[in-house]
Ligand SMILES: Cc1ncc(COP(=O)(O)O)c(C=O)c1O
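In the block that follows, a single chain appears as structure tokens, in the form predicted on its own.
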């Protein structure tokens, strides 16, 4: 199988293990004997310390919309660095970026910046609790919403503990998760509006927030059905709960996020990743009355909130440049490239005569070594044979000069074109042929 040889990376990892638990600060980097270490990157290409060039379809877990070292961002950030990086004072850069993002989405009346998608989701859940005076959070089985106790419940259930499909169990992710957290998280079946509503009805006076990801990566990158999103919107509106869209990854899919395509106006939206122009970022946007919990009002200050590096001018500057350039034409162009990618991958599976399917939307896609595309988390969950083949497939792609998210998910960036996708699909074909015996 894979012939990856990275002696310099191996030496660096040996040093790293002496000072970092597991040798890394991000478990997602662990793969094989050691992670690969980067030297530099430009556009859609990454060069590791051993001199190997790869086309980057991971884009730091969907964080780069314009690829690496994008000149307009580099130039703007370089100028800001001369002025300073963070202050115990406000900056105009925050206002400019807030004005731009609020102009993109109907539901964005006010916005607050934080430092990651996890922080944005955390702030959103706490804001919903503060606004409603309730405690329970409802989320979809298998959905990922960052590293927060309540967000992690049923992030990675398995057949031994996930329970009935129509009534999924709340399953903790981390050892030591308090039982009180589990009790306050309600798990919903994905894209099943009637079943979800029936579960929600049982807790109608206790639910503060219902959170959904419009194209949930961990649920196979299967888009949310409009009827499901609208059903949840109607339910939350009727019962005084908050509907939050987690658009940390999916905001790239439309000019105003996936909510624009779905025709749903959530009360809150969490964002992150690509809106930071390659820098750490998170943002929570929403209706003015709900966002009012962050400031002193008639009921006092309901949610004290701050952050040392929140809205730092470097991130705000990079984010504004990235998003201004990612206009409607750019969104349309990259989404068309996404359509080309998914169609090309389907052709590859046919040519290779191997069971496979592709999911995703916009500039996002995911490869499954399953003949039929999954429709929920349980169908996405790989068999032992599929998991083995998928791991080998990712290794082969690395050998062929391709980087992907290790679930076989990919994100596009604006420097890419059809010729890059053709290189990618050629590598996919070669890699599939090599792992085909595993699936036999």
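All figures in this text were calculated on a predicted structure; none of them were measured in a lab. Numbering follows the first chain given and starts at 1.
Heads up, the form predicted in complex with this ligand isn't pictured, but that's what we're talking about next.
Although the partner is absent here, residue 150 is not a contact residue: none of its heavy atoms lies within 4.5 angstroms of this ligand in the model of the complex.
Although the partner is absent here, residue 135 lies well away from this ligand in the model of the complex, with no heavy atom inside 4.5 Å. Proximity of residue 285 to this ligand in the model of the complex falls outside the 4.5 Å heavy atom cutoff. With a 4.5 Å cutoff on heavy atoms, residue 168 does not count as touching this ligand in the model of the complex; it lies far away. Judged by heavy atoms within 4.5 Å of this ligand in the model of the complex, the contact stretch among the candidates 363-371, 112-120, 294-302, 195-203 is 112-120. Across the proposed site, 129, 240 and 267 without exception lack any heavy atom within 4.5 Å of this ligand in the model of the complex. With the partner omitted from this view, the residue of 249, 221, 188, 275 that lies near this ligand in the model of the complex is 249 [heavy atom within 4.5 Å]. Of the candidates 162, 235, 108, 144, 144 is the one whose heavy atoms come within 4.5 Å of this ligand in the model of the complex; the others do not. Taking a 4.5 Å heavy atom cutoff to this ligand in the model of the complex, the contacting residues in 204-225 are 213, 217.
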